[in-house]
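Just the one chain here, laid out as structure tokens, in the form predicted on its own.
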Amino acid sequence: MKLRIEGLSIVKFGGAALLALALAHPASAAEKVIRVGMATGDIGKMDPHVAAGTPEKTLFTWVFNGLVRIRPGEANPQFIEPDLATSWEHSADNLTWTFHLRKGVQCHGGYGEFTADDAAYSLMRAADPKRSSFSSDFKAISGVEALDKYTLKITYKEHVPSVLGYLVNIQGGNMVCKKAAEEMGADFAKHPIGTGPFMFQEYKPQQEVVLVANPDYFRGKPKIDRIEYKFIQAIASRDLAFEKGELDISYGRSDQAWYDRMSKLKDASVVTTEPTELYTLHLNQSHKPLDDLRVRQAIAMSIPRDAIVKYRGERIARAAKSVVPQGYLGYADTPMLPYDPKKAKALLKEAGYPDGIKLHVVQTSLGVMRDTMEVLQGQMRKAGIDLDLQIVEHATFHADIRKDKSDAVLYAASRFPIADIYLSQFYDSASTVGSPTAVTNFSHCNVADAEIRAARTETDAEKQLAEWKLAQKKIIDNVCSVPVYELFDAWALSNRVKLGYTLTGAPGRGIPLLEETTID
């Protein structure tokens, strides 16, 4: 048996038994603490270049900076502003970018000043498939060089639609401190070191992560002393803790009943944020009968978007209007086939299926995803389309859909809000699952390759938008997929919390808690 004492936590290991006794953090009258409840039983790796889940990304928002950031409270790339870099310039062909870094920025934990060498290390780490889940975002980089202590040069093999978008403090754009990452190795994922307003202090498995104010933060010491980031899987438990005042911010549930109930609480509010998560039914054209356009059109006409949004909740969802979510740079409102189950049946008959069709669908057991697919199953049955659902746990779902085991794939995704990322990952044929360059093209779509790739390298903004618009039209006309609805993130927020900015969007999914944020 081994006994380890860490601050106020006592963790005892012995045989198959595990006992964890975590004492509450006694807060002094003057101490300002914000307690955040997240929908998870635990947190995964706390390495920003590896973890991609909402619980982790929320945490990273508080710990790390990017070279640039989106102005707090916004989600659109048009609001990009300096972060660790104070200014930048690029060559006429957009292939060489030079960034000038802030002087005196300190890494957490006494790891020294953040310099161009750290920035170069971060980008090369993010681009390395062996160390990063986001390496495909940086495949166009041909070189990264620290010209001097505060000057960074990045060169590209080809034009990237939004260079700055990939350098925001989201996913691979998070800047890590080289010395800490190299010294810690695998332990870096258990003790993240960044430059942000809050520093890692303690991790209690299946309970919480504790962060404390960074006294050396370059924008000023935070007004909050500590963040207690608590893992509470069950929505009922989070809601109760919030209602009792044990939480100040709580990750919500994306349904109307939850929104309405929590909105009635005294001294609290519910906020919904963008970018939304787009729920799309991808149709596998490599499987019969989905190789027939008429069958795919019938499926599109069997789905009542507005009715599903009404069921989901009009305050937390909206009908999809393209294969790219609304609000993304490059989004174009694209007319889709209307709901018409009678016409859908006629199309199936015309295609040689007078008795309808049956599709084998692998489906995750996760709540909202499963619930949405079961709603689709009931609606599509009215048009003679039978979905044979094989319910599996989430990891198996992800593995199977990447092996082409499903005729149709309901996939919910939120990406950095620029059209290229969504189009490239889901609709460029180079991203087709099963291929050497696979990403998430589950439909085997290839009708808009020319436009997607042209937009990716187009330097004229108007021409780029035109290419993106045409790409979306071609994908919709070919019914590679059926966009269904967009879901906002929802949070319950105590009125005691003063964010210090107006919240409309949160590109990192979590609510940014910054140096100006405080609590009464």
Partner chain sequence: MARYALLKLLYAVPTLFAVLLLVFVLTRVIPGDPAQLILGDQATPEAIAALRTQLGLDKSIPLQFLDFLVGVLHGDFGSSIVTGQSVVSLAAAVLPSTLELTVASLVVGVVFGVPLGAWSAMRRNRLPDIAVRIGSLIGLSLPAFVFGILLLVVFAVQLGWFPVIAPSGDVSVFEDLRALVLPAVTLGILMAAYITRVTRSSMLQVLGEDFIRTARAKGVPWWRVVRRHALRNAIIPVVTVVGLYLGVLIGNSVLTEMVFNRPGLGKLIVGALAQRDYPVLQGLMVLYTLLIILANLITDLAYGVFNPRVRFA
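Residue numbers count along the first chain shown, from 1. Fair warning: this is a prediction, and the values are worked out from it, not measured in the lab.
The same protein has a further form, the form predicted in complex with its partner chain, not shown here; the description that follows concerns it.
- In the predicted bound form, Lys469 stays away from its partner chain, with no heavy atom inside 4.5 Å.
- The closest non-hydrogen atom of Ala461 lies beyond 4.5 Å of its partner chain in the predicted bound form.
- Interface membership of Ile421, defined by any non-hydrogen atom within 4.5 Å of its partner chain in the predicted bound form, is confirmed.
- Interface membership of Asp355, defined by any non-hydrogen atom within 4.5 Å of its partner chain in the predicted bound form, is ruled out.
- The candidate site formed by Asp248, Tyr311 and Leu499 is entirely out of contact with its partner chain in the predicted bound form, as no residue has a non-hydrogen atom within 4.5 angstroms of it.
- For the options Glu243, Glu182, Asp117, Glu158, the residue carrying a heavy atom within 4.5 angstroms of its partner chain in the predicted bound form is Glu243.
- Taking Ile232, Val168, Leu347, Ile385 one by one, only a single residue has any non-hydrogen atom within 4.5 Å of its partner chain in the predicted bound form, and it is Ile232.
- Looking at 315-323, 377-385, 70-78, 124-132, the stretch with residues near its partner chain in the predicted bound form, meaning non-hydrogen atoms within 4.5 angstroms, turns out to be 124-132.
- If you take 424-438 and check each residue for a heavy atom within 4.5 Å of its partner chain in the predicted bound form, you get Gln425, Pro436, Thr437, Ala438, in sequence order.
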